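Shown here is one chain on its own, the form predicted alone, set out as structure tokens.
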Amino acid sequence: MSRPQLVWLKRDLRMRDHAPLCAAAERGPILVAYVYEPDQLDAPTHDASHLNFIRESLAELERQLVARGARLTLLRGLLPDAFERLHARVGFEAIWSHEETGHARSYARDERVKTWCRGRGIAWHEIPQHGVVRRLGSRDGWAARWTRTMRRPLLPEPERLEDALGAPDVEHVGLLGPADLGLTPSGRTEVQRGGETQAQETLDSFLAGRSVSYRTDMSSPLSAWNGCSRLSPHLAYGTISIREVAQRSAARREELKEMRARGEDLPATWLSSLASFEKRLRWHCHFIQKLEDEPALEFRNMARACDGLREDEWSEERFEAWKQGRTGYPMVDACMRALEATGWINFRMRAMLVSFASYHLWLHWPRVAEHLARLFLDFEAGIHFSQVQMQSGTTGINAVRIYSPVKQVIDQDPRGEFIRRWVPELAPVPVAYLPEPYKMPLDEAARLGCRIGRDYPRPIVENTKAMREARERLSALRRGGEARQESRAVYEKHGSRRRPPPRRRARS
């Protein structure tokens, strides 16, 4: 008689294309478990909005499992202690889960579970979920390997599952929310909902029409709200697999090509937009691979030549102004307030927020990264820490991009619609003064009821001066022999192989 198999859910809250679930179901009766872990829930990157998304996703998954003859067991406690209690009641033979590239706490948790499994003689099968490669020897050939992974057939949902939970006394704490777990409730008003159905509907609407102008829509915080896929939280918590997204996007692109060949009138931007979207799916795994290969990137600079660059010049006053959306730069403040309310902002504006914190305010990136992680509903450790380091100039291999918050208003919100929504105190300010409200004449400011320094803060730093000084400091660092030599080593370990490194291109 086959013994029970435990399916351990982490960031893979779905039925479709779920390799551990399918593999366990082939071998015998299953237990499907999710664990509320105190050490993960009180991580500095965690927020109650993340838990709400998880709860919604688990609620749908529970209904799906029951419809197929199984159940969802919800546990609470540290691991492996929670598994020890479950194993004492239902002696499962093996654990099946997806590989996870997470923050240091999840890595330490996995190491504890691995040790416990060895001691109990329990096999733990970890199956890749993305295009990330564990114990990767070299980045050479990584992109081709990713493509092969994305083209593998999708796994169907199991039609019938054999339930291993016969004992009525098996621990089950039910669906828990922030209040149940001692977390401060989320006050977000426009946050995306969790669940596999939401993920599928979001992908459907993107491929059906929202993707038409993706390449151009994704830059502005106005058009990106609808023009971006909005799949990032679903990919982060695994309510849809990246392989399904990649395959369905590629199939839609082929369908559009056939429609065009038949003479149907299609927007000229659609095919290139989907191709651009698919490229970003590869970037998703490219950045996670960096943390997989070097977990210390969560805490220290990728380029160690950058150590000491900002650490000793921390300003709590500047950090608080940035967090609260009170910097005196309308685009920065609007984006931060929008993030606080919704948990999402488009990539260019994320880059601008990190750029402003790093270059204008000269803040060291780790606390900046932690705060943004709590705000981002789609927080994915591998992408997050690699991206924050890239935008703060501490990777040693990426171009330094310093975003002017003034120029971003002119380029991305020329009519001031986004700013007026999220910074209502600037609603009466004419468009001409929105990039730099402090330049508005005093008599006009008084007439409009928006005095700079009273109703809206003056700029915390001077834009042009701050950008110039940051460039000078970064340039001086990068000209040093140590930094140049280290950049080659960083590229060999983490660089994309789809194009040569910057200095090699420059010589050629």
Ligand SMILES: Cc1cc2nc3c(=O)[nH]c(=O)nc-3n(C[C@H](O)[C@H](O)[C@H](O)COP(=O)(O)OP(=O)(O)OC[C@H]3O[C@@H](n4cnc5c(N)ncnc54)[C@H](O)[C@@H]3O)c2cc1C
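All figures in this text were calculated on a predicted structure; none of them were measured in a lab. Start at 1 and count along the sequence shown; that's the residue number.
Not pictured, yet referred to below: the form predicted in complex with the named molecule.
- Heavy atoms within 4.5 Å of the named molecule in the predicted bound form belong, among the stretches 266 to 274, 378 to 386, 118 to 126, 423 to 431, to residues of 378 to 386.
- Among residues of the shown chain, Q391 is one whose heavy atoms approach the named molecule to within 4.5 Å in the predicted bound form.
- Using a 4.5 angstroms limit between non-hydrogen atoms, F299 is distant from the named molecule in the predicted bound form.
- With a 4.5 Å cutoff on heavy atoms, F287 counts as touching the named molecule in the predicted bound form.
- Taking the partner from elsewhere, W314 is found to have every heavy atom lying beyond 4.5 Å of the named molecule in the predicted bound form.
- Checked against the named molecule in the predicted bound form, the residues S404, Q198, S232, T327 give one hit for a heavy atom within 4.5 Å, which is S232.
- Out of the listed residues R109, H98, R350, R243, R350 is the one that sits within 4.5 Å of the named molecule in the predicted bound form by at least one heavy atom.
- For the stretch 262 to 282, the set of residues having any non-hydrogen atom within 4.5 angstroms of the named molecule in the predicted bound form comprises F277, R280, L281, in sequence order.
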